[in-house]
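What follows is a single chain, given as C-alpha cells, in the form predicted on its own.
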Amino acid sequence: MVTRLRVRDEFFGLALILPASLIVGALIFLPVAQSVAMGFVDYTLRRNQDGVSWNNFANFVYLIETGELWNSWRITLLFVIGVVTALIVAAVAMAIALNQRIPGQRLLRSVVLLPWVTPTMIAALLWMWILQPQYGVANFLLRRVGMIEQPISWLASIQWALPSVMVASFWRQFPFVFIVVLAGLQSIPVELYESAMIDGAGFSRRVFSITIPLLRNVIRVVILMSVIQSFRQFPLVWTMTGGGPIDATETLAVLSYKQSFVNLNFGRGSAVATVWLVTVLVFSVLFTRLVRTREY
C-alpha cells in the first residue's frame, strides 16, 4: 500500500513539472540545439533556397584559420576576467563601507542603484559622450588635473577601446553585484563583530576573519552570475565600438552577430555561438567543482 502511494505521488509530481519542462525545452533547449547543429552546416542567407548541407567542421576551421575565433575568444576572456575581478573587489569594499553607520547612508545606497535602472542603450550612449575626444567629460577632467596633455580618442584607440568598454560594463553591472553582497553582509550576526571587538580585533582582522569567510557562498554565486552576464554582454559593446577599432573589442558575442547578420553567414555565426556556449559551460562546471572541492 505504501509503495503504491509513493508511486502515485511520484507520478503526480512528474505531472506537475511536465508542462513547465515542456515549455522550457521548447523555448530554451530546442533553439540551443538547433543553433549548435547549424554550426556544422553551410547556411547563408544567399543560399538558403537550395537548402543546407552538412560540412562537418568547415565553419570552425575557417574561423580558426583566419584567426577571428582566437582573437574574439582572447578578447572575451580579458573582458570577463577584468570586469568580474573589478566588480567583486569594488562591490565587497563598497558594501562593507555602506554597511557602517555613516551620514547619508540611505542616499548613497540609492545613488549606487542608478546605473542598474538605466537602460543598456542609454548607458552606452552616456559613456560614448563621457569618452568623446573633443568635448567628453573624461578628457576634460584628466586635462584639468594634469594627467594628460592631449585628448585621447578612447573608443577609437586600439590601446584604450577595450578598457573603456570594460569600465562602462563595470558601471552597468555594479549595482546588482553590490545589492547581493550587501544583502549577504547584513545577514551576518552583529554579535560576531561585537565579540571580535571585545577580543581586541581591529577592522581589517574583522573583515578577513569574519566578513569574507561568511560571505564566501554569496561571492561564489555573484562570481558565476557576473561571468555569465559579462560573456553575454553584447548591446553595450556593439553600440559603443561595433567591435572596433580593428577588432580590438570584438568579443564572441560581437563576432557571432557580425557573421550572422553582417556577413549573412548563419552557419559561421552559429559556430561562434557554439564555442561561446561551450566556454561558459566549461567554466561553470570547473568553477562549481573547484568550489565543492575546497569545501571538503
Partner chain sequence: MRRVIVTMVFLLATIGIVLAGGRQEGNAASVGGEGSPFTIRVATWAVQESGTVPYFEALKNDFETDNPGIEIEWVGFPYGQLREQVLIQAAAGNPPDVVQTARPWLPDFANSGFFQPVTGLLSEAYIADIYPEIRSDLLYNDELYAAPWFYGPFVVYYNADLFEQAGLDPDAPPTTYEEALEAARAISALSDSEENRIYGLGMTTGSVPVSGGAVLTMLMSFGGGVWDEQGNLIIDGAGNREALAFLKTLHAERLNPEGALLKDLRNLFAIGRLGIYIDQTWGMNGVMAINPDAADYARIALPFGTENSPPRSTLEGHLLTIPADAEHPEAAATFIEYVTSREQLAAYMESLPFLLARSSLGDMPELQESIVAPIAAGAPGVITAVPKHPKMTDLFLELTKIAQMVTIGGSDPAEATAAARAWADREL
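Here, rigid core means the biggest group of C-alpha atoms that superpose within 1.5 Å across both forms. Predicted model only: the values in this text are computed from it and were never measured. Positions refer to the first chain, counted from 1.
The protein also exists as the form predicted together with the partner chain; that form is not presented, and the subsequent description refers to it.
Wondering, does Ala15 line up within 4.5 Å of the partner chain in the model of the complex on heavy atoms?
Answer yes; at least one heavy atom of Ala15 falls within 4.5 Å of the partner chain in the model of the complex.
Although the partner chain is absent from this view, report whether Leu45 comes within 4.5 Å of it in the model of the complex, heavy atoms only.
Leu45 belongs to the contact set for the partner chain.
Please determine whether Leu264 contacts the partner chain in the model of the complex, using a 4.5 Å cut-off between heavy atoms.
Close contact exists here: in the model of the complex, Leu264 approaches the partner chain to within 4.5 Å, heavy atoms only.
Taking the partner chain as it sits in the model of the complex, is Thr66 in contact with it (heavy atom to heavy atom, 4.5 Å or less)?
Thr66 belongs to the contact set for the partner chain.
Quick check on this chain: which one of Ile148, Ala156, Ala201, Leu77 has a heavy atom within 4.5 Å of the partner chain in the model of the complex?
Looking at Ile148, Ala156, Ala201, Leu77 one by one, just Ala156 meets the 4.5 Å heavy-atom criterion.
For a quick check, can you give me the residues of 119-137 that have a heavy atom within 4.5 Å of the partner chain in the model of the complex?
Residues within 4.5 Å: Gln132, Gln134, Tyr135.
Superposing on the rigid core, does the Cα of Ile246 end up 2 Å or more away between this form and the one not shown?
Where the cores coincide, Ile246 shows only a C-alpha shift between this form and the one not shown that is less than 2 Å.
Using a rigid core alignment, state whether the CA of Leu286 is displaced by 2 Å or more between this form and the one not shown.
No: Leu286 shifts by under 2 Å between this form and the one not shown.
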